[in-house]
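Quick heads-up: it's one chain on its own, the form predicted alone, in structure tokens.
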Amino acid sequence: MDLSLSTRTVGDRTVVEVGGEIDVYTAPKLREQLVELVNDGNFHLVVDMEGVDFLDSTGLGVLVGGLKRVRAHEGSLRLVCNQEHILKIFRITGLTKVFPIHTSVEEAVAATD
């Protein structure tokens, strides 16, 4: 399965809508998008993962790398996800303590750092 990416601005946040599978084959596409956004001065990102069907360790690494990039600019990276099989991956790896995870884009955008 492929990975679909689209971006939009909501308030002062850049929302990256992700769909499909984030795995060893598709994760570089997400990494490139996050790097490009940060290089363009977008330091407050919301990654909407509602359309993600599968996430592996490579995908987790890309998200952690994106978080490090925005934090280097005093930014933030918030996730939107309420799919239990994806949330379970974040819980098992302990990344729920690293990423703010919200149930909707609106909630993530409204959250303060």
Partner chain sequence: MATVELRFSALPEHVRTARLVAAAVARRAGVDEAVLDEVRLAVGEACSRAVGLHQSVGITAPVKVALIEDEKLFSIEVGDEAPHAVPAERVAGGASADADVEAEEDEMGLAVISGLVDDVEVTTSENGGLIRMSWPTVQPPTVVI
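Here the structure is a predicted model, which is why all the values come from computation and not from measurement. Positions refer to the first chain, counted from 1.
Heads up, the form predicted in complex with its partner chain isn't pictured, but that's what we're talking about next.
*Asks:* Looking at the partner-bound form in the predicted complex, is residue 96 within 4.5 Å of its partner chain by any heavy atom?
*Replies:* Close contact is absent here: in the predicted complex, residue 96 is far from its partner chain, nothing within 4.5 Å, heavy atoms only.
*Asks:* So in the predicted complex, is its partner chain close enough to residue 101 to count as touching (4.5 Å, heavy atoms)?
*Replies:* Because no heavy atom of residue 101 falls inside 4.5 Å of its partner chain in the predicted complex, the answer is no.
*Asks:* Do residue 10 and its partner chain come within 4.5 Å of each other in the predicted complex, heavy atoms counted?
*Replies:* Residue 10: no, not in contact with its partner chain in the predicted complex.
*Asks:* Is there a non-hydrogen atom of residue 50 within 4.5 angstroms of a non-hydrogen atom of its partner chain in the predicted complex?
*Replies:* Looking in the predicted complex, residue contacts with its partner chain do not include residue 50, since no heavy atom lies within 4.5 Å.
*Asks:* Work out which of 45, 30, 55, 81 lies within 4.5 Å of its partner chain in the predicted complex, going by heavy atoms.
*Replies:* Here the answer is residue option 55.
*Asks:* Is every one of 24, 89 and 92 within 4.5 Å of its partner chain in the predicted complex, counting heavy atoms?
*Replies:* Contact check passed for all of 24, 89 and 92.
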